[in-house]
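Next up is one chain by itself, shown in structure tokens, the form predicted alone.
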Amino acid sequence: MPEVIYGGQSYECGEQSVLDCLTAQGVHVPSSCRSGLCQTCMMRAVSGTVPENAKAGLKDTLAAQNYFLSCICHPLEDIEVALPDAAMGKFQAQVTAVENLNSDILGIKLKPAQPFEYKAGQFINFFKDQTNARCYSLASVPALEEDLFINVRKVPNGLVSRWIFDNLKAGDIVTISGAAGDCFYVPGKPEQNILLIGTGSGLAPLYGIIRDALRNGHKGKISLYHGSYNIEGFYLVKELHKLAQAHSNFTYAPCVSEGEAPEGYARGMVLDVALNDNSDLSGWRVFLCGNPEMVKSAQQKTFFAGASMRDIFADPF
């Protein structure tokens, strides 16, 4: 009979669901509906294969990371499982470069000391010390570059960002977590149009997602709208224009919300500009990153514009 391995212990599952098997042994697994609807009981398969129906209703990005619903998972073979928050370990990494992307954002490259799996657009925790850490999204693409690339925005009186700006230098050894998050590109629908909207350093995950999609030969439209109060807030502009020149299906629109917009820049709030250009998002995939208020509003407005909630991915920070 199939066995479920959790926390180093093996439990005979029989015909039970993974959830029932574990709870019968006194293992606490968060759950609610127990019918595959609420997704409270989501777990991750560390090894082994779970039946496809155990992933029903999950976003493609979660299924791609081996997440499943334990209440409706009846394994056909031995599987090792973990709770979602157990997936992130700690790793040592060397800082290989620190550069000013603009006056408020640093670009930091990191070389992990051991093999590091991630998807462009996911995030890591960056530790200042044992107890203080902040999340930063990955702008790098594992198939395109060896080093991780994160963008750190200077936060007034920020405990971690201030330390990074004042102290971090190439050669330093730092501690990071494993990658997590479901804001990344999943191949399989190459003709689907993609809308990406970001503010400030919310460009970081979008930059990785765009390059990963293009690397995978995505054919649908890929439209990026990046918002800032003024032109000094933009960065990676040359790199994005170069991508637009090389790929006819990719367009880049930097949006200035205050003051005059020079030639090549759109004038207005980034969400307004994006939806004015793309009023019907039926069938589109949407990525939203950056200012939490913008992201919350964009989730609602892009849904009302026709995008399915399954195809809207958000990373507010």
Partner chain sequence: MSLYTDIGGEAAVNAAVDIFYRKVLKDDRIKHFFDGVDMSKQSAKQKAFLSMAFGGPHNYTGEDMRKGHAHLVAKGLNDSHFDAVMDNLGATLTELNVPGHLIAQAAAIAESTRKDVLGK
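Keep in mind it's a predicted model, so treat the numbers as computed, not measured. Residue numbers count along the first chain shown, from 1.
The next section is about a form of this same protein that is not shown, the form predicted together with the partner chain.
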Ser32, Gly57 and Phe304 all contacting the partner chain in the predicted complex, non-hydrogen atom within 4.5 Å: yes
One stretch from 37-45, 22-30, 257-265, 271-279 that, in the predicted complex, holds residues within 4.5 Å of the partner chain by heavy atom: 37-45
Contact label in the predicted complex: Ser308 to the partner chain, heavy atom within 4.5 Å: yes
Contact flag, Gln299 vs the partner chain in the predicted complex, heavy atom cut 4.5 Å: yes
